[in-house]
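Only one chain is given next, in structure tokens, and it is the form predicted on its own.
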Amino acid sequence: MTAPTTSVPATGDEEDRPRPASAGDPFDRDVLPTPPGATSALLRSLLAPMRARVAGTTLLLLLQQAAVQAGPLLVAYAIDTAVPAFRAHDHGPLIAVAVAYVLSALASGGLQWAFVVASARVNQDVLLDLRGRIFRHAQALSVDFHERYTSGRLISRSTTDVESLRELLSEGLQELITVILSFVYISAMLLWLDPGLGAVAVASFGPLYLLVRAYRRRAGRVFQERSTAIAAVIVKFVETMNGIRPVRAFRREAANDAGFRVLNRRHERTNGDALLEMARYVIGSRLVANTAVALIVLWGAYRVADGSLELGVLAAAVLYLRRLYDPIDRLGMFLNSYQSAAASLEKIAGLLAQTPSVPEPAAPRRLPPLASEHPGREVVFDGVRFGYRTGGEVLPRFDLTIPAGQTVAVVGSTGAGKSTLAKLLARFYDPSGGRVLLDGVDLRELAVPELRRGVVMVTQEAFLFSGTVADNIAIGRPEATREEIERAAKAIGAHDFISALPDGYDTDVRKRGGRISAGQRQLVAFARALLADPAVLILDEATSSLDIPGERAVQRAMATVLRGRTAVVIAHRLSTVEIADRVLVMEHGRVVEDGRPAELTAGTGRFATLHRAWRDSLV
């Protein structure tokens, strides 16, 4: 009968995980700091490759507006010239007006269709580029960023915020250009038809400008709040769904529902505020526009009556004014889209402005060739100091040398710094002081591909991607053959359970590997690491998900596979120490005991105490 194992009092990565962000930390809010000019620079960089296409779509809209604005001028000509000519039995002018009106309508429709097609292609290419940038940049950012900036917020950046930009590009910009062109065309036409009427129309733009300015100021604040509110809703939803098992296990449904209700109501309130601001703008703009039209019609009628203004000119002026003021309402829709997109683009620019805290070296070095007698490399922590941004110093000063080919087990209580040691060796973080050396080369001088070929880490969370078992193992070395994949699985003891799956190595493990058990996922993660054939292997509580027979099988396999390689094993189960050549006991970021397992067990220190407690629990 196999006895149970006893764990060192610790809780995995939680021992030295970064503390929650403080209220002053920008990661505690939804908006990351955005450098001055970053938003406009991002927009320019997105549109720069399409400069010629943007110019072509703008030209199409210019021509379309010219065709549209020809209508009232033709009406004026018909009233003042073509109709009197028709009364004199001259049908030519009226026929010419009718033909010209039909042609202008056809031209306007055709040009509008061409503009919509061309602009849609530009918009989709811009959004395609932007989504790709967000995805690539998020992957390139360091681990500390992702430990502070939630995945829900990243999802919000690439979905909700990109969608806001899509609305601006596909609809809002057309409305803006239409309003600007209408203003230019119609102002010129009115001033040409009658300077007095034109001057009154242009004067009405003063109050409209003040309305637009006030709306922009108020709406900017509202849309920033709305964007933050929807991001909070997404974060809460993603967090709850990812943690659905503990939610159900600890009956958190009601508490989560109450928290979600608060966030949902906040989102509802900000949406209501946005609609209210839009309503105020529309009411104000229509009041100004209708007042201006009424004044012009009244004054124009008096002038027509006394013969100083032709009726056709007045009719054309009224038609032009209606065409001018109708887009003013749509300008509000543009401003609506613009404020939403501006808030979203600022957040995206803030994300893309983040730089990795673990940067690529300017002049990368290569690792020296491996010694022929062993496949491992020497690891040295030389005066290393480290502390997380939001917490105290975890490693005040740390010195350690691990000879090439040695397996070191690291034990200690919660917060001792064990997982931080592993993360520094994997270069998920850079030390704030000192160096971490691999065969004498500072990790900061190694390019990421070179480092990942030399150092592989297997964590407590055996994350599997959607796809086959073989695909997940081959992540360690994508060019590996099926024979090499199966050999790695056999070495780690995973071949039998994989072969028993419905499609063997071609079985789809589904989302997060949900089709197989936690222990089986851990075995697949081990096979992945072994296939990568690293010189240094880090196991951060990597056997915690395995049952006792599975753990024993993995330990037997590891004893063979790790022979000659350098290995750092973060051990929370003392049974794991059996495979180690050397044991380090850590407390408060320092090594308090260092020796072979048998030597420390025979002593009177902390490891001996833990070992005796473990032995007693086996009885």
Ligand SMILES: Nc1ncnc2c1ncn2[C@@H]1O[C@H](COP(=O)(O)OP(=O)(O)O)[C@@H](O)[C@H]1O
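A residue's number is simply how far along the shown sequence it sits, counting from 1. Bear in mind the structure is a predicted one, so any value in this text is a computation, not a measurement.
Unshown form predicted in complex with the ligand; subsequent notes refer to it.
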Listed range touching the ligand, judged in the predicted complex by heavy atoms within 4.5 Å, from 123-131, 516-524, 486-494, 410-418: 410-418
4.5 Å heavy atom contact, Val394 and the ligand in the predicted complex: yes
Residue contact check: Tyr429 to the ligand in the predicted complex, 4.5 Å heavy atom: yes
Glu147, heavy atom within 4.5 angstroms of the ligand in the predicted complex: yes
Any non-hydrogen atom of Tyr388 within 4.5 angstroms of the ligand in the predicted complex: yes
Residue (of His267, Arg153, Arg166, Lys423) lying close to the ligand in the predicted complex, criterion heavy atoms within 4.5 Å: Lys423
